[in-house]
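The data below hold one chain only, encoded as structure tokens and taken in the form predicted alone.
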Amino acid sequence: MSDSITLGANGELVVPRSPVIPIIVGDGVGPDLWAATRPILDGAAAKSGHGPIDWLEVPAGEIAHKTTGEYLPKSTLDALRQYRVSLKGPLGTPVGGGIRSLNVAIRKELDLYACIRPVEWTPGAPSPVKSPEKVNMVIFRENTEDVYAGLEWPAGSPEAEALIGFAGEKFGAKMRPGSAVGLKPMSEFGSKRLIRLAMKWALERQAPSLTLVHKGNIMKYTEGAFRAWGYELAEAEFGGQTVTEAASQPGDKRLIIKDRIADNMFMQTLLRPDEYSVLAMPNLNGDYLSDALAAQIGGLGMAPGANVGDGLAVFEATHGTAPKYAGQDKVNPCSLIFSGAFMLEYLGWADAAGLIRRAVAQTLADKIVTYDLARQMGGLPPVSTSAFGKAVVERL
């Protein structure tokens, strides 16, 4: 009998044997991805003694708009809240209307303040770097603040002109008339709760280091504050378990807290990736760096992701809807497959997640790949989305 995931007395997930898990199939290639992914998740759960999962399909995106007139129905948000852990395919950005991004809207409505992107190379996957096996990092990206807060006004608008005038009169800040204007809010509360989650993750998994990635050398009072708040948090709440990079000694078993300027971090991930494990950063930095790291392991089609809050999580494919390939049974389903595996691990079903990752690795080792990987592997004959999914199921 299926049941809802609940929270225990200490805020931990209580997962029934057969949980109800909402699924947003998504737009564009979403149906193709889900058709290939579901048998893999169900098969891994069954083979490891879990489940069955009671999938609850909830509408969002184009499908929801056609049937309800809304891109993100309240009933869908209610289901994501009620059942706590969900999975979703890619959603398109509505043309017109008041929603900038459905993905951002879901994060804001549910206060999913941490975007978590594990980036680890799967043996057999193509890579543009010489040693992709050294890439094994987890990005914690703040999801609610920074320039993604949506506080911007178009050039020449009354709001922009008023802000330009106010800033000039009150603070002597000079901006060209007719400029577009945006605000970059970053709070101690928002920064610390993101960094706290990253530190707990790192400590629970005995990661060697946590790196604060910022542009505080230029944006001293926003991103510089993010860095400072991170060090404050480490000392105040995790003092006995953490140590700064400057104070650490060889063989130190404590979590080493580092910080890197964002542009330098891009170089570090290419030249010295094995020196980094958990990365915590503001919103825009996280958007850039998660895609750059994904390129090192074969592309966004190989990258899982999750948006996590307090007692709520939505796992998702990290790429777009690829509408020109919709219904063609062509695209790589690994992002959704790996996001599903990440979700199972989050539920405490690490054995099922391990089965999936090993099965995908064996499929790639057998040179069974979709077109995006095939073109990086010397022109191998590609297989369809569904054929790739079946091959993974056979190797579970």
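Not measured: the values here are computed from a predicted model. Numbers for residues come from their place in the sequence shown, where the first is 1.
Keep in mind that the form predicted together with a small molecule is not shown, yet the notes after this line are about it.
The stretch among 119-127, 260-268, 298-306, 171-179 whose residues place heavy atoms within 4.5 Å of the small molecule in the predicted bound form is 298-306. Heavy atoms of K88 reach within 4.5 Å of the small molecule in the predicted bound form, making it an interface residue. In the predicted bound form, the small molecule sits within 4.5 Å of a heavy atom of A317. Although the partner is absent here, A322 sits close enough that one of its heavy atoms falls within 4.5 Å of the small molecule in the predicted bound form.
When the small molecule is considered in the predicted bound form, N332 lines it closely, a heavy atom lying within 4.5 Å. In summary, among the residues N103, N283, T242, T76, the only one with a non-hydrogen atom within 4.5 Å of the small molecule in the predicted bound form is N103. Between the small molecule and the residues P132, G92, P208, G216, the one pair within 4.5 Å by heavy atoms in the predicted bound form involves G92.
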